[in-house]
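Shown below, as structure tokens, is a lone chain in the form predicted on its own; questions about how it binds or moves come after it.
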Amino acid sequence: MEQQLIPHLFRAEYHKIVTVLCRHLGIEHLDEAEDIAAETFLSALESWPYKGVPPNPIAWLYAVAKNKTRNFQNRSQTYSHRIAPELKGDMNVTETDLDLTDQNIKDSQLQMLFALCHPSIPVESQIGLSLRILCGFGIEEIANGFLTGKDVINKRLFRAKEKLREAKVQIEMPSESAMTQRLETVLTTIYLVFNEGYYSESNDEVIRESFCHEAMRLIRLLLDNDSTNQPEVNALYALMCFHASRFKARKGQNGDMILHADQNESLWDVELISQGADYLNRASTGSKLSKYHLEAGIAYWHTKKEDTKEKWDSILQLYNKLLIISYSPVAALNRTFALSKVKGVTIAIEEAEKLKLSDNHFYHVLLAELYSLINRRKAVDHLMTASTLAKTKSDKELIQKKIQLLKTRD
């Protein structure tokens, strides 16, 4: 039993213990907090197979974590009082009891989220640290998510921790004057964590749902706090709900990707769609229109399978606004598909080709989709190019299916 239970508890509880420890000891002791949490689970691995799983495993883990924290503090105090004065050092830790109540865990995670998204470290490090510290992902998992090696991730996280120490970042909520800017950084990080899962290119997985679910959990921390429950936070959560509602329909039985037009609508999660609509409505307060509002609006219309004029007119207008406030080549590319539905394929092709994204396989897939209606040979050529550029097995298989379908079409 413990063989399945301990990994499950590690995923669920490791990040809670680390964040509370870090808030308790200070971010300068982030490594020690990780060590104590890891040693806590190692104790379970050593004890439970022989003594049996305790009646309350989580309480057992918390008790062990508290004891190990006290031992660490006792050693630190000894160093601080007897040795450090001679070396002119100071460990600066307290002996207060470790608070692992639900409320303190939530408060610690929210404050840690803002600490890890400090502007002193680059965005990719913010994402990596958030995945490691707040979500409990292993170095290998993070490396797979970034399509890089474990050594790269280890070095990246080491440098980020050093930066946080040097900047003497406090684990606390930002001041009211700094909240807007810091919240924007936090939302960007969570948005990118979700995208790492939803548009996964690692291990040939169509979706890394665990990344997506952790991003949604982090957003809920913001929604549960009065100072961070802002319209753009609600909009981002709505966007995630709409995307997450199609998880089951987006993957085939063999793990292959199923495009939106071919998805089985009965597999869509109507409860998540309804929840997304509710949060999008909550996001409509205030005067600020964020990219999350617009992307959530686009995602909302994609929960409606029918090809109506109202749908594509609305999507096109939302893309037009999105490109004004937050331009990206991907959004510009996606806009051209909506443009084809509203103004026709020829105009859409002209707009798409102006983007010149020739090294992006999605660019060639989209052009193939548009050309398939007027020039099958060009459509096949674009798909062949897309196949050489695609990074994952699932993408290549999907493209090959499209090529075969075009070649056999009457």
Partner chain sequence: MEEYALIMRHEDGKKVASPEQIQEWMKQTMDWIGGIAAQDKFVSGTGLPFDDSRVVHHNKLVTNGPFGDIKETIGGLIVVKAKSVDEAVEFAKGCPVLHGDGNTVEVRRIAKDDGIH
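Residue numbers count along the first chain shown, from 1. Note that the structure is predicted; figures quoted are calculated from it, not measured.
We do not show the form predicted in complex with its partner chain, though everything after this point is about it.
Interface residue among L316, L223, L183, I273 relative to its partner chain in the predicted complex, by the heavy atom within 4.5 Å criterion: L316. Of the candidates L323, I105, L192, V169, L323 is the one whose heavy atoms come within 4.5 Å of its partner chain in the predicted complex; the others do not. Residues R335, E351 and L355 are all found to lie within 4.5 Å of its partner chain in the predicted complex, as judged by heavy atom distances. At a distance threshold of 4.5 angstroms between non-hydrogen atoms, Y199 is out of contact with its partner chain in the predicted complex. Residue contact check for F158: none of its heavy atoms lie within 4.5 Å of its partner chain in the predicted complex. Interface residue remark: R70 is not counted as part of the site for its partner chain in the predicted complex, having no heavy atom within 4.5 Å. In the predicted complex, no heavy atom of R377 sits within 4.5 Å of its partner chain. The partner is not drawn, yet in the predicted complex one stretch among 326-334, 265-273, 282-290, 209-217 has residues with heavy atoms inside 4.5 Å of its partner chain: 326-334.
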